[in-house]
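One chain comes next, on its own, written out as structure tokens in the form predicted alone.
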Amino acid sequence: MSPEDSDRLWIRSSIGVVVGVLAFGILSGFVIMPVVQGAQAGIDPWTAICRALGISPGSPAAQQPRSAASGVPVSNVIWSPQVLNTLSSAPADAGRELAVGVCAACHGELGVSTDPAQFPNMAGQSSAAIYKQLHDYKSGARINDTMQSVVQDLTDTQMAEAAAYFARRARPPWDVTWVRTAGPEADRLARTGDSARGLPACESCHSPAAAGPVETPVLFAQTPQYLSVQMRAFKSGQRRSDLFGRMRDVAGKLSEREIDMLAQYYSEMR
């Protein structure tokens, strides 16, 4: 065989291989796979092939699952200059009438809860944190039948004034009979976190001197029952109004034992 014949044979063989691979790909992608998938989805072969070619609508061949879940609102609080100004410079008694007339039944006239295991203490809490939760109840981002009915008719200014009023009240006095029981593990999680699990220190946001998000609440002076219930609500996704899912992410990495330890730790802090 001459060199020219050898070259021609090699070229023909190469072209044949390329055409064969291309034909197999077309056959597999537009006939074999659509027919097999269509059979699993109860679609006849012709319709499956037409779908694969783009002649008939419907792709992929198999019916995709549909979700019947309704949308869950997230916090839509807006930190406008007006709100921030009210929180920081509202007249001393601007929110007192609302606090005494409406809030006191559960949270106490001076912000010390009538049932600290169920209702949080408001005294000394961050005014931005109180305002955000009121706003979340009103928008439906946080669910509680009682609170939603209370705040439904309140304006942003009224909520900000009530938040500022409670933030200026003195925190509950330290009970000298309390004994520190939270151990070093809780202290480590609170102050240092756990980098191996992607857990930031609680204090990076919740310390009064931290430069965390403006809406971050102060955790001191709450009962361990209330704190543990809220952390578990974040962990389960029942409470979803945390911006960017911060608390859901953190709580989701905590064990049940760690939640109880941290709740105890912060309830003993002053």
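Heads up: residue numbers just count along the shown sequence, starting at 1. Treat the numbers as computed from the prediction; the structure is a model and nothing was measured.
The form predicted together with heme C exists for this protein as well; it is not shown, and the discussion that follows is about that form.
Within 4.5 Å of any heavy atom of heme C in the predicted complex lies no heavy atom of Ala167. For the chain shown alone, Pro45 is not a contact residue for heme C in the predicted complex, no non-hydrogen atom being within 4.5 angstroms.
Contact annotation for Gly29: none of its heavy atoms lies within 4.5 Å of heme C in the predicted complex. At the 4.5 Å threshold, heavy atoms of Gln225 stay clear of heme C in the predicted complex, well away from it. Within 4.5 Å of heme C in the predicted complex, a heavy atom is found for not a single one of Pro91, Leu110 and Thr157.
Listed residues Ala123, Leu98, Ala182, Val83 were compared with heme C in the predicted complex; Leu98 is the one with a heavy atom within 4.5 Å. Looking at 81-96, no residue comes within 4.5 Å of heme C in the predicted complex, counting any heavy atom.
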